[in-house]
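Taken one at a time, structure 1 and structure 2 that follow are two forms of one protein chain, written as structure tokens.
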Structure 1
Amino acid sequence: MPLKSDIERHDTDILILGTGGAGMFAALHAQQTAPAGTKITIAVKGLIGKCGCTRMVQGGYNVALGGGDTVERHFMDTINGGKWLPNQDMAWKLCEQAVVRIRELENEVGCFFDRNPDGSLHQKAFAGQTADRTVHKGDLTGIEIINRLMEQVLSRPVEKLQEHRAVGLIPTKDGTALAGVLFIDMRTGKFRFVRAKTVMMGTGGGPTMYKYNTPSGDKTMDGLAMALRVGLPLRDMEMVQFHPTGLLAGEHTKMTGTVLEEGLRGAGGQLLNGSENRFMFDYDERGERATRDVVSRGIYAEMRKNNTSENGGVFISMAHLGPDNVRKKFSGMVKRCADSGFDLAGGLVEVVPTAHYFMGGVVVDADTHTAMEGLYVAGEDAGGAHGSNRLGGNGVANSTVYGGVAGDVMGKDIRKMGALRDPDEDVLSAEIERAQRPLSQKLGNVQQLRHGLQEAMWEDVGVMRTETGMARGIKRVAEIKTELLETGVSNDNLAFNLTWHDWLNMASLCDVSEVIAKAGIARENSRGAHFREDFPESGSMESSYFTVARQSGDNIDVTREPVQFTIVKPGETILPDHEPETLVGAK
């Protein structure tokens, strides 16, 4: 096994973890604002532009571009969708800067989005929104955005550390600032410690600890697990968004869990139970166009009644909209379903709620600063912007907006910083020892433990929750983690030792799973994505609180903090009196 003396040491000025929308925008913006000669490094677990979740975005990008829509309306939809838990300053900046960022994506990055006959950007309505707001490229929007960003970043003088897995945030001796990040170079299996004056963490969330999940396979909550270990506060950790329509194609394919996007329901798609009856109006007056949390619970309720499809889910039907029309509008999803043996355009497709997005994350301010000097967080790793529920189309907007903000802020902040900081060598040694643990244990089955974790979280900390269930889930996760720590992997060859990385993935997932469950118990009401059958009421909006989780030693402590209504209070609006409730025509 590698010794500490074998670590490669490397210095840079600005280090960016992750190359999704947040990471690549941070790199581009840091180049613009940092002093001449600043060294910028991006590191990614996989390959630039070929991994992560931004390229998987189907639906689109929320931005208020007129036609009656305004930043104020977008903001109010975001606050209402988040059930009054969002950090309002962050939500406002998201909505305001999305207008700037979409022009930048078009005119500077080179993205081509779908247009109307008059040349204006085509926009559609997603669930929970009161305007046609979502800019898109068919139903393959993320591929367009990430490919163009990749072209820009690869052409710039930015140092690229590809296939470098971050395994630890290494603070200074006094713990007040970040010195750098410990990596495993997956191509060799060697450790590399990179010092930097500023670090932006944009590793993405990815709630893949659930039986049904949508994120790319490399997403395993590594960023939040690293943040926990250095004592950073994490907020809203109970808020796991289940997308209501994940493809249910059986256990024989990894396509199960893949999202069938919001636009299907927005265009008039219908959900049918096992008896092929439309059921969503039994649960909400908006039917299929209710927010994701409501639709997920409606489907889950039908599943508990055993009123399900062959594989245990429900059906989505689009045929009544005209098969040719569906094939034209949703070509990507039609092909995806066809690959799994389903006819989305003319038949019925089985779907199930699938863990999709994580609203919780590191506590940051609206400029992406954290409580630790030198560390900035953007994208799905950051909490606050969405509150208890994310509107469809706000995800990629959030990543690109705040990635750009982080790049701008780091480029300016670095001007005030002195020399690179020295790391706490004891923490560095502990992180290396932690990562090497499975290399000296008796060989075991990591994948079997992964399946056990996914079953536990789906059954006990899933779409609908109780204190009894979540307590049981905490116990199951602890037992799995104990077994994981006694499970080893082969140490014959550490280069691309994927079983070793599977073990590290599981360690991150176990750590964050425990926090999700404990934060869930601490929230004794039902808000957005968090629904408790033993506390079904939403609680007073005026006295809204968010949960804050911190790790101290081996313990996770969860406290509550009041939401600051810095822009608008519950029961009020910033829209003019004459504004209609919605600009979207009835479907």
Structure 2
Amino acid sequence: MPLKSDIERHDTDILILGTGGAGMFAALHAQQTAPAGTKITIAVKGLIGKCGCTRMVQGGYNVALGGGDTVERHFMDTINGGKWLPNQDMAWKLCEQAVVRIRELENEVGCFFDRNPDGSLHQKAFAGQTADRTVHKGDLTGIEIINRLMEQVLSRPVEKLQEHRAVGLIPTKDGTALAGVLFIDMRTGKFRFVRAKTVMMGTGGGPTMYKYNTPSGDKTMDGLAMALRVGLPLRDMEMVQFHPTGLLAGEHTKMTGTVLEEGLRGAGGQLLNGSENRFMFDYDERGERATRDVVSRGIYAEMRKNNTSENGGVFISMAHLGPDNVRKKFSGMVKRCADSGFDLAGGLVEVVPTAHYFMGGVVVDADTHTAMEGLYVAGEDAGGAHGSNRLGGNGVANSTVYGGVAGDVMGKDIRKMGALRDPDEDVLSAEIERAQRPLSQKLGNVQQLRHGLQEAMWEDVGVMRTETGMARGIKRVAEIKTELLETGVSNDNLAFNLTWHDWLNMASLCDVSEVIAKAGIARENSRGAHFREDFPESGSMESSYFTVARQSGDNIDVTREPVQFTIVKPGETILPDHEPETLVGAK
């Protein structure tokens, strides 16, 4: 087993964790703003550009580009969608800078988004939007964005640490600033400690502690777990967005949980229960076209009645729209289902709500600064911009906007920074020990524990919550965590040892799961993605609060803090008088 003296030490100036929209933009912008000669390093758990969720973006990118739509309108939609919980300064910057970022993506990075016949960008409206706003490239928008970003990053003199998993943020002795990040070089299994003056964390959250989930396999809340361990405050941690239509194909396949596109419902797709009857109108007058959270709860309620399909979900049916039509309009989805053995165009496909996006994250300001000097957080790891619910299309806008902001800010801040900071060697040792723990335990099955955790979170801290349920969830998570700490992984060969990383993934997921449940108990009302059966009301908007969770010692403390309405107050709007409520369908 490697001793601490074996770890490799490495220095850089700007270190970036993750290569999603946030990480890539941070790298590009840091390179543009930092003084010449600044060394930039990008470290990622997978291959550059080939992991994370930005690549998986289907629907598109929200940006107000005129034609009646304005940044103000985008902002108001974001605040309303987030049920008045968003940090308004962050939400504003998101909407404002998205306009610049989309031009940058097209003009400098080289993306090509779908056009109208007249050559202008094509925009459509996702649920919850009052204008045709979402820019896209077919239904593979993320591939276009990330591939183009990847090319730009790969063609620049940026140091690349691929298949390097961050396992710990290592502060200075006094704990006020960040000294560097501890990694495992996954290909060799060796530890590598990288010092940097500034570090941007963009590991992309990812609620993969649920039985059904959509994110890519590499996302396991590592970033938030690391932030928790260095004592940083995390906000909105109860806010897990479920997508109503995840593919359901049995527990043994990784296809289960993956998203069936939103547009299916928009186009008239019907949800049918086990007895093949429509049920959504029992829950909402908009039927299948209701918002994600409402439809997710409708399906969940039906599942509770045991009126389910074979694998315990419901069906989505498209056939009444004409199989050929469906095949044409949703060719990608139809092909994907066919590859997995399902006939989306003509048959019934089983679906289930699936954990999709994590609104909670590290507390940051609108410049991506955290409470710790030298650490910046952007993308899905950062909390605040979306409040209790993220609008479809605001996720990738958020990661690209704030990744770029972080790059610019780091490039500027680094000019004021002196030498590299020295790490607290005790913390470094403790983190190494923590990561090595399973290598000296009795061998066990990590996957079983993961199933256990996913089951517990899904049942007790899932789509619909109660205090007793969440308390039970906390207990179950704690038991699983205890078992995990006793579970060993073979140390014969640490190179590309996925099982070791499964263990580390589980450790992060357990830690963050506990926080989700505790924040969930702390919020005694129902807002956006968080639905309490014991507190179904949303509470007064004027006295909105958000939760802040912090680890002190072995405890998680959750406090409530009042939302600051810095730009607009509940009941008011920043849109000019007489602006129509919605522009969708007006044209």
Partner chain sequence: MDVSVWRGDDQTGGFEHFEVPAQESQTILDVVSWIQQNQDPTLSYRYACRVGMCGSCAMMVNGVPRWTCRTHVKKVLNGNKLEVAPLRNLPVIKDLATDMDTFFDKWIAAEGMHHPTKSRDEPIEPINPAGAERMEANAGIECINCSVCYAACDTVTGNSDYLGPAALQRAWTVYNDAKDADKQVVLDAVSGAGGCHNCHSQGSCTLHCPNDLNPMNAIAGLKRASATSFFKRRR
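Take the two forms, find the largest set of C-alpha atoms that superpose within 1.5 Å, and that set is the rigid core. Only a predicted model underlies this, so the values are computations on that prediction, with no experimental measurement involved. Structure 1's sequence is the ruler for residue numbers, which start at 1.
*Asks:* Between 1 and 2, where do we have the form predicted in complex with its partner chain?
*Replies:* The form predicted in complex with its partner chain is the one given as structure 2; the other form is structure 1.
*Asks:* Please check if Glu251 moves between structure 1 and structure 2, taking a CA shift of 2 Å or more relative to the superposed core as movement.
*Replies:* Comparing the forms between structure 1 and structure 2, which are aligned on their rigid core, Glu251 does shift its C-alpha by 2 Å or more.
*Asks:* When the two forms are laid on each other by their rigid core, does Ser508 show a Cα shift of 2 Å or more between structure 1 and structure 2?
*Replies:* No.
*Asks:* C-alpha of Gly312: shift of 2 angstroms or more between structure 1 and structure 2, rigid core aligned?
*Replies:* After core superposition, the displacement of the Gly312 C-alpha between structure 1 and structure 2 reaches the 2 Å mark, so yes.
*Asks:* Can you read me the CA shift for Val349 between structure 1 and structure 2, rigid core superposed, in Å?
*Replies:* Val349 C-alpha displacement between structure 1 and structure 2, core-aligned: 3.1 Å.
*Asks:* Rigid core superposed: how many angstrom does the CA of Lys328 shift between structure 1 and structure 2?
*Replies:* Once the two forms are fitted on their core, the shift reads 4.2 Å.
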